[in-house]
Structures are given as C-alpha cells and as structure tokens.
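As structure tokens, one chain now follows by itself in the form predicted alone.
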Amino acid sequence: MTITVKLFAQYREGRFKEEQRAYPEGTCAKEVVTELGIYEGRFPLGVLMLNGRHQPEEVELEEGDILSLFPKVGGG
C-alpha cells in the first residue's frame, strides 16, 4: 500500500517534507515512525495525525492515508 508521510519542523532536517512511501498491508504508524528514526533523535514525537485526526501510534495504516508527524514544541 502507498501512504503519504508529512514531516514538520525539525523532523524535516535530513529527511523530507512530504513523501509517498510503500509499506506492507497491516503496517501501523509506529512502524513508520521507527523506520524514520524519530525515536532515536533528540526531538520526541509530539503529535501524530492520520488524515487530519489525532490517532495513537498503534493505528493501522490503509491505502492512501496521510500520516503527519510533529515534534514536541516547547516555549513560553
């Protein structure tokens, strides 16, 4: 299946802004986040949206989904 992955803020550094990627059926969002090395970076995952709606990392992806990943943001 093909999904669109959108990265925001620091997640774009050394990666991409938006990309269509192929994954096997049954892939969950957490597997995509892991593949992108986001858990290993210094910016933890803040928000995960699937087709514009907040979803848990364990959500199963489907053909044509749009997965958007945002790092945690601090400030005051």
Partner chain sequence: MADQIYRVNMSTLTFTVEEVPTAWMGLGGRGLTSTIVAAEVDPECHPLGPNNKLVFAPGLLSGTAAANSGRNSCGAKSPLTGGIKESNVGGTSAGIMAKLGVKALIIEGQPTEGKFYHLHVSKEKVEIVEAPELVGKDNYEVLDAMLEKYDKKVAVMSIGRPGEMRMLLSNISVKDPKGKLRSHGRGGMGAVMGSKGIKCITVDAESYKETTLADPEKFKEASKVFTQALKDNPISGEGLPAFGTNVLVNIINEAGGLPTRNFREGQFEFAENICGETMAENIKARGGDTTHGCHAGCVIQCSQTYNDKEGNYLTSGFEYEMIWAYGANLGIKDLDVIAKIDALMDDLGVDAIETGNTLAMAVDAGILAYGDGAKAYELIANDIAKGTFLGRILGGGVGNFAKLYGMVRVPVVKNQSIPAYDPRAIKGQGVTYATSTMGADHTAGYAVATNILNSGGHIDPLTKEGQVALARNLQIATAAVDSTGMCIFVAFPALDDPKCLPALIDMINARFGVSLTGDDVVNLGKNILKLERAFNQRAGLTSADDRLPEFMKYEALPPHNALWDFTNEEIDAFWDF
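Treat the numbers as computed from the prediction; the structure is a model and nothing was measured. Residue numbers count along the first chain shown, from 1.
Quick note: we don't show the form predicted in complex with its partner chain, though the next part is all about it.
Mapping the unseen interface onto this chain, R12 counts among the residues with a heavy atom inside 4.5 Å of its partner chain in the predicted bound form. Interface membership of G52, defined by any non-hydrogen atom within 4.5 Å of its partner chain in the predicted bound form, is confirmed. Interface membership of L36, defined by any non-hydrogen atom within 4.5 Å of its partner chain in the predicted bound form, is ruled out. Using a 4.5 Å cutoff between non-hydrogen atoms, V47 counts as a contact of its partner chain in the predicted bound form.
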